[in-house]
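Listed next as structure tokens: two forms of one protein chain, kept apart as structure 1 and structure 2.
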Structure 1
């Protein structure tokens, strides 16, 4: 076990060394144009500079705000719609394909319409994020509430639970793992779409900064912003993994 763990980290380190090694080689003796690949220390300097700019934290704030509101919006809308649709077999039958189609649609293409309708400000990003996160959450909630194990419902009936108690204490609890699986997918989509939307057309936010740096060919800065974005995403992922999980899930 110990030996295996050492091997795992050694392999990861080897990949890291190979990656950065070839980077250093390419920008040094490899003579790759600095416009394509800047020297590592330039990226580092750009990163330090970027993190120290007071504007940067405003941008981070804007991006996080948009993702947060989009997340809340798609959770509320998704779970409500999923629950409402699960109430009768007919409703479930009607809505399931509609939600699945919404999930399959390439939402990327709709973004220009969001810009057209809601402007380049933060609301087009938030609404776009809400829509993208909504479908997987609603679809999974529908499936979750619908597929509550008959045995649990039988226990509830046998022990005299009222309809309200059955909903609160049995259905919602039993559906939770499935709903949360939807929430995790939805949250990932929130992050992906909001950042993409910022890159495509925006006035503020990290995605916008990345697009701007790229269009003005500030290459080290492009790499620096990518690093910051990766850190922000990793942090959000950690939060999701930590909280969007029930205790009885493995």
Structure 2
């Protein structure tokens, strides 16, 4: 096990070295235009400067707040709707294709409506993120609750479990793997759509800063902001994985 883990990390390190080596070559002997790919030292200076700016952490806070509220909203709405739609076969047949369609639809087409209805402030980003994360969570929750073996429910009722206890102790636990799979997908979509929405129309946030730097051709700053965004995304994904693992083990 330890040898395999060492091999995995060695391959990751080799990939990182190859990536940065290619970058150094491209911006040196490769003579790639700095408008397309700046030198690493310029990106590092831009990153240090960006992190030291006081307004940077305001933008980070705005983006994290929007993603966090969107994530919580999509979880609550998605699981409740998925559970409610699974209660009867008729509801499931009616709602499943609708949720699947919403899951696959290009929701970016509807973002102008969110701007029209809620303006360019944070609520258009939050509600857009809620909607984007809602469909995979609701769809997977519906499928998970539908897939619960009827024998488990009969055993629970035979031991005198009330409907509420059956739902909470049997259906929810049995459906948890599917629900958590939907939560992971929904979280990814929350992050993507909130940042994209900030890039398209916003007054604050990391997405807004990224779009502004790109429009003003501040290429090293663009790469620096991308690094910060990747760190934020990695942190959020780590927290979500830890939460999902804890819920699964419980």
Partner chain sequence: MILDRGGRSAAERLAARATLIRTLIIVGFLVVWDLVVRLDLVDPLFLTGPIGVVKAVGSLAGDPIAREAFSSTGISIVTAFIVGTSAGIVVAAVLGGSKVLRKAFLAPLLFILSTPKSIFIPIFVLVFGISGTSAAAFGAFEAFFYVVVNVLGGIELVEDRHLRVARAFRASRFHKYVDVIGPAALPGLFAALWYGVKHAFLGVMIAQLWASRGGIGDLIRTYSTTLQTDYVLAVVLVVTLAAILAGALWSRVEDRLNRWRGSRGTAVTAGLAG
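For the two forms, the rigid core is made up of the largest set of C-alpha atoms that agree within 1.5 Å on superposition. These numbers were taken from a predicted model, which means no experiment stands behind them. Numbering follows the first chain given and starts at 1.
The second of the two structures is the form predicted alone. Checking 131, 209, 189, 124 against the motion between structure 1 and structure 2, you find the hinge between the rigid parts at 209. When the larger rigid part is held fixed by C-alpha fitting, the smaller one turns through 9 degrees between structure 1 and structure 2. Overlaying the rigid core between structure 1 and structure 2 leaves the Cα of residue 9 displaced by 4.4 angstrom.
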